[in-house]
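One chain is shown next in structure tokens, namely the form predicted on its own.
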Amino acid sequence: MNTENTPTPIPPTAPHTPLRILVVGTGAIGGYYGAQLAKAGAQVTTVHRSDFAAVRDQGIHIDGLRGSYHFRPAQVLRRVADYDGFPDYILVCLKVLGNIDTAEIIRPAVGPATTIVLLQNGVEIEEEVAKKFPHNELLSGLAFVCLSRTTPGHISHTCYGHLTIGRYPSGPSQAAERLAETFEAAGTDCPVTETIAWERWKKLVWNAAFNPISVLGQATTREILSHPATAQLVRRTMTEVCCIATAAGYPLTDAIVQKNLDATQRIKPYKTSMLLDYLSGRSMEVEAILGNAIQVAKRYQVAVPCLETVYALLSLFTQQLATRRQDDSLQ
């Protein structure tokens, strides 16, 4: 994406008026961070599919580290097209899946001054949206948090909660700074980076190891690290991600591997988001988290035997999930 001739839009809402936020994909991530923005005074509207009735009637209940609290969105919608006007920011928390066309889903609510924020997993996931909306500022964001949607309209927050956001593909951003200030006002740490692609690779070090291995082993993070063989597989997988990132121009050293392992040992035993998706029969972000990284490895001729092995097995699990869903629909 060529950004040299693309001006950075100033935040459309004056500083003294509430930001208008549309959250698309209001599961655990969207519900939690939408609630944080509402705490800071933003006017937050949420779009739902399966949880629509529960959230419309009861709002969203969050059991968090600082106690339980309740979030009632300004509006609860079934479709993006039902939003009245154009928001200042669209916070996209949809899963990155081949059958989800993010750009077309959000298109009805993208106005001339709307900033699009992709709060999603994986690497190299932004380009399609950037192509579809070349005149809108695109922010990419990463959530470092342990969340799960326990029942419709209920979210459990067990650990962490900070964000990192930045302009895609790089550079400074007034829109990012203003959104970060809003999160900070709610008590959510949200540093702004000018190198968001590098931050994505840093997060993938953890995601590419723990997410697939948790599914293959049906195990929590603590159980994975307590078993010597899987603990070693985690370390080797993390090291491979560092090698890919370094080859692609985003240097990462082995120090980040140990940092991730130490941090994971300290948190409570945790079922990864991918494991929760698998156990619930939902589609998993195999390509965004593993497939894209392997494609980059091939581009730079980096050997990644561990990544390729867990990717092959997880792809089989995905195929089995799809077959089961199809069989269930025919019954």
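Numbering starts at 1 and runs along the sequence shown. Predicted model, so just to flag it, every value in this text is computed and none were measured.
Another form exists, predicted in complex with another copy of the chain; not displayed. Remarks below refer to it.
Comparing 132 to 140, 187 to 195, 215 to 223, 109 to 117 against another copy of the chain in the predicted complex, the single stretch with non-hydrogen atoms within 4.5 angstroms of it is 215 to 223. None of 233, 76, 257, 252 but one reaches within 4.5 angstroms of another copy of the chain in the predicted complex through a heavy atom, and that residue is 233.
Only one of 306, 47, 284, 38 lies close to another copy of the chain in the predicted complex, with a heavy atom inside 4.5 Å, and it is 306.
Against another copy of the chain in the predicted complex, the set 53, 58 and 158 makes no contact: no member has a heavy atom within 4.5 Å. Contact annotation: residue 319 falls within 4.5 Å of another copy of the chain in the predicted complex, judged by heavy atom distances. When contacts are judged by a 4.5 Å heavy atom cut-off, residue 310 counts as touching another copy of the chain in the predicted complex. Although the partner is absent here, residue 72 is not a contact residue: none of its heavy atoms lies within 4.5 angstroms of another copy of the chain in the predicted complex. Within this chain, residue 162 is remote from the site of another copy of the chain in the predicted complex, having no heavy atom within 4.5 Å.
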